[in-house]
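One chain follows as structure tokens, the form predicted alone.
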Amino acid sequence: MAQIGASVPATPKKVSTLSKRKVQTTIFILLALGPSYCGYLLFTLYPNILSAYYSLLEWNGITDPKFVWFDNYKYLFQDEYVWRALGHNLILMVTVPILTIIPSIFLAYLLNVKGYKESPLYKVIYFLPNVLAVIVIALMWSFIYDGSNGLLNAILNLFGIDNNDFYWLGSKKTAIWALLPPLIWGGVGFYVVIFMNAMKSIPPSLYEAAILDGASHMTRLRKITIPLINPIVRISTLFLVLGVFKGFEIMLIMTNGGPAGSTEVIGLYMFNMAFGKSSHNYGYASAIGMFLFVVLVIAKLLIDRLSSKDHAEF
């Protein structure tokens, strides 16, 4: 007589079914994740490892590489152009996220909460710069800043301000600040769409209760909207900061770091070291790339430490 509670041995049919399911699950995981992991290993991890190796070399891409070990890093910390470029990155890191996130929140709030009939059209208009290629945006703003035929000078002339065909990208005092509008204009629309979608998840009853209490739009924005979308705002700020540190396409097209290096950022300096007209120092450019990687990691950790992770729940 069988004992009560004794385990019933699995039949061969059940064992076969379980084995088939495991095999099918394994095949599905390999097919779903395998290409992504292979792409990551081939196009991300392997180039980064290769860059770390190149940073120990003196190599121009043609002659035989020569091991110099950490000489590139020693020279990097003594290179005044690196620190000048990093200073320009810090200026953009502070200004661009603030001047992008704040207008994006206000515009998203107006389009989402006010409920304008034209909201879909406004959303398309705001998002349009993200559809354009970077080179189109850069060339368009270069024409706007042109001294003799630029739109900006023409508008100033309408108000009686004659600046003698001043070229905004040709002066060390204005060039770095002239890069802010294209960077901000190219990013606001993207974050307007993100914040609008985040605001749609907020229950309307919260706004209705605030309206009954006599709360103004600014109070509702500060007390309800921003606290509830705070995680999205924090992640968006992180992406903007890291993007400003890595990006250099607009600077390359509009000024190529000029005049006199006043708009050169760390990514552009690295690019010119590797592929410039007068320099093909892949080893030193790779060392700058590794330095930039460390800076980005530190920036990410600082943002996580300084930004509040607490957010309201509903």
Partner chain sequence: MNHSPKKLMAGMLAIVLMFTLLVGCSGGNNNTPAENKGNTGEKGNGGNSGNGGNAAEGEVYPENGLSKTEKITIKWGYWENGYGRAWMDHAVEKFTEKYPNVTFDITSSPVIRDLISTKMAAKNDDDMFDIISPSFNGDEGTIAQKAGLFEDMSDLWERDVPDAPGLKLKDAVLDNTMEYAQKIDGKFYQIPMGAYALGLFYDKAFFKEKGWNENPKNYDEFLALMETIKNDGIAPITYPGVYATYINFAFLIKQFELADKAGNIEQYTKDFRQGINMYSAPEVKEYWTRMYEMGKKGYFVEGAAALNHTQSQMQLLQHKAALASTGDWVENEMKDAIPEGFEWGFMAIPFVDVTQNKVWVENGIGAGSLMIWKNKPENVKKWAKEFALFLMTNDIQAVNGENGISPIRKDFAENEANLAKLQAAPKAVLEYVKNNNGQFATGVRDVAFASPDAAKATKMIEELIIEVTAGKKDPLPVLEEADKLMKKVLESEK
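Positions refer to the first chain, counted from 1. All values derive from a computational prediction rather than experimental measurement.
There is another form of the same protein, the form predicted in complex with its partner chain; it is not shown, and what comes next is about it.
Residue contact check for K172: one or more of its heavy atoms lie within 4.5 Å of its partner chain in the model of the complex.
In the model of the complex, Y46 approaches its partner chain with a heavy atom inside 4.5 Å. Remark: Y81 counts among the residues lining its partner chain in the model of the complex, judged by a heavy atom distance of 4.5 Å or less. Although the partner is absent from this view, T219 stays clear of its partner chain in the model of the complex, with no non-hydrogen atom inside 4.5 angstroms. Along 207 to 229, a non-hydrogen atom within 4.5 Å of its partner chain in the model of the complex is carried by no residue at all.
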